[in-house]
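Just the one chain here, the form predicted on its own, laid out as structure tokens.
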């Protein structure tokens, strides 16, 4: 769906995006993470052909960026939700969607059906004729999402869709994004919300002008410190810990009544842990998995990039 090679954007002497190469598959939810000023929004604007690139190339939704004959086709295939939603607040939710649908030249009958389907999805159908100015922030964001979808695009660019929303409104918007994910929409999501990225995204990329890394949230988390199995016992002893080391040949730490065991394959190794602990005379009270959060991984990756730059 997206194939970018060495995509670069300079504003005068400032390089905002530096040689970014990435691929996003059809039906994938791809999260773009990075500190303020990292170039995330600039990258989205280039990929959506809202601004020109300085160098590099990209193919987006089957269209070549910069190719004049592909510009209108690209507009019909993508939907863009900017950070500032830009709705016409004096008019109704229905009128907002109708106006943008007409701009995309959606046939009248199809447009009516799309608007009703989207407003029902957003739980706004009963408020369809109310002025947008009377809506809460979360409701406005849902109208903006519906506007992004009104022409049935195959690729969505969502730039900070839950920014500046209260927790309830942010959850409302996240729930809609999860519904879109179930529909196998391809979504390119800029976000500062790491918990949001961890729950929604198939893969994430971390940008700091340059693309530092790409991977699934789980791969980035486990890559930071690996996966560890925590075994809580009636009493943790050095003899039980040593029995685990001898059986699995992995590091084992004692922390109070817990043994913390570094593992590579929990599904395979956890039963061996149980067998070794019981054989050594230990009584297990509880077992759980411990791994770094995406936030931990993100902060370490960004700090390491800053230190090496």
Partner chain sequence: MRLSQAWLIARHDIGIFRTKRGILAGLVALPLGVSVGFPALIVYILDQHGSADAGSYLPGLIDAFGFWFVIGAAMLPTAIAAYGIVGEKVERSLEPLLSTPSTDSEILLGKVLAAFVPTMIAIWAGSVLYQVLVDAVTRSALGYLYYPNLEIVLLVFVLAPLAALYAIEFSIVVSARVTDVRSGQQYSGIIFLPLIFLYIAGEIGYNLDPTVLAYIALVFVAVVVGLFAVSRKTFHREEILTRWK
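Positions refer to the first chain, counted from 1. Remember, predicted model here, so these are calculated numbers, not experimental data.
We do not show the form predicted together with its partner chain, though everything after this point is about it.
Comparing 51-59, 26-34, 256-264, 237-245 against its partner chain in the predicted complex, the single stretch with non-hydrogen atoms within 4.5 angstroms of it is 51-59.
Its partner chain is not shown here, but in the predicted complex it comes within 4.5 Å of a heavy atom of residue 82. Although the partner is absent from this view, residue 202 stays clear of its partner chain in the predicted complex, with no non-hydrogen atom inside 4.5 angstroms. The closest heavy atom approach of residue 75 to its partner chain in the predicted complex falls within 4.5 Å. Proximity of residue 89 to its partner chain in the predicted complex: non-hydrogen atoms within 4.5 Å are present. Note on the partner interface in the predicted complex: the residue among 120, 184, 105, 192 having a heavy atom within 4.5 angstroms of its partner chain is 105.
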